[in-house]
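Consider the single chain below, provided in structure tokens and representing the form predicted on its own.
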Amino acid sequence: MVEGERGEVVEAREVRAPTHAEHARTLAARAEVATLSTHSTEPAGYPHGSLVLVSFAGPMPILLLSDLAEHTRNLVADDRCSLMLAEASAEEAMAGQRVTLLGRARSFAEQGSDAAKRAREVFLERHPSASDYCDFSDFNFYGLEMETVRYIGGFGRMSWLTESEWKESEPDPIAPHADGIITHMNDDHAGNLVDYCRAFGGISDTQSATMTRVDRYGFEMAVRTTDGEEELRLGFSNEVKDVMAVRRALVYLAKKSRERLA
């Protein structure tokens, strides 16, 4: 275990990682489109899937639906529905993350002008082009009151989440910057990644390493050794809140790894 000047600590192997609920909330916070599934009225009894725009006010998804749309007519008859979000950047669709939210749709028009105004603000912040039609008389904002959530994080990683687990978790603050951090480390600091594996991961025969994920709790690497490939996660003992905190931790680790390997 190595402690940094600013309190960052990294230790090998058994380290904290995001929960399924945190992964799910992180995916939701960045979502722009979703598949809305409703109970069809015509033809009756069939599931009906529609592509919709979505935004999130904290844990609650917000939709802008037309009264003329088939899915809205279905919701009027039966407000039970599900909303599926999928990771858009996944190279292999079935290996990517996805979340299905199950609950009941509620019109903000029924909750008063303040609630409707707030829903409008949140939705247009994510989808500004919707301002061209969101105030038409046949459009209304809806929220989904969740009852349960299904998370799938790729092959072999899945679970049901309770409403409280969903609401009490928070999106990862590093997620919007993760791609940039990963690209920078792999392109400009590949040697440091090898040193991390050798000094803190106990993998002395590391030949190369590629950062694959970074989050508030730590980072993961794909490591090539003389015996093949393996994965390694190194974690921060304190949550990092922004890009500069990640940079400080990684710079400090580079210094300490060189000292340890000297």
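Each residue number is its position in the shown sequence, starting from 1. It should be emphasised that the depicted structure is a prediction, and the values quoted were computed from it without experimental measurement.
The form predicted together with another copy of the chain is left out here; the points below concern that form.
This chain appears without its partner; in the predicted complex, the one residue of 164, 111, 183, 129 with a heavy atom within 4.5 Å of another copy of the chain is 129. For another copy of the chain in the predicted complex, the listed stretch (170 to 178, 99 to 107, 114 to 122, 188 to 196) containing residues with heavy atoms inside 4.5 Å is 99 to 107. Not one of 19, 26 and 30 comes within 4.5 Å of another copy of the chain in the predicted complex, counting any heavy atom. Using a 4.5 angstroms threshold between heavy atoms, residue 50 counts as touching another copy of the chain in the predicted complex. Though the partner is left out of this view, residue 93 does reach within 4.5 Å of another copy of the chain in the predicted complex, counting heavy atoms only. At a distance threshold of 4.5 angstroms between non-hydrogen atoms, residue 208 is out of contact with another copy of the chain in the predicted complex. Taking the partner from the other structure, another copy of the chain in the predicted complex has a heavy atom within 4.5 Å of a heavy atom of residue 40.
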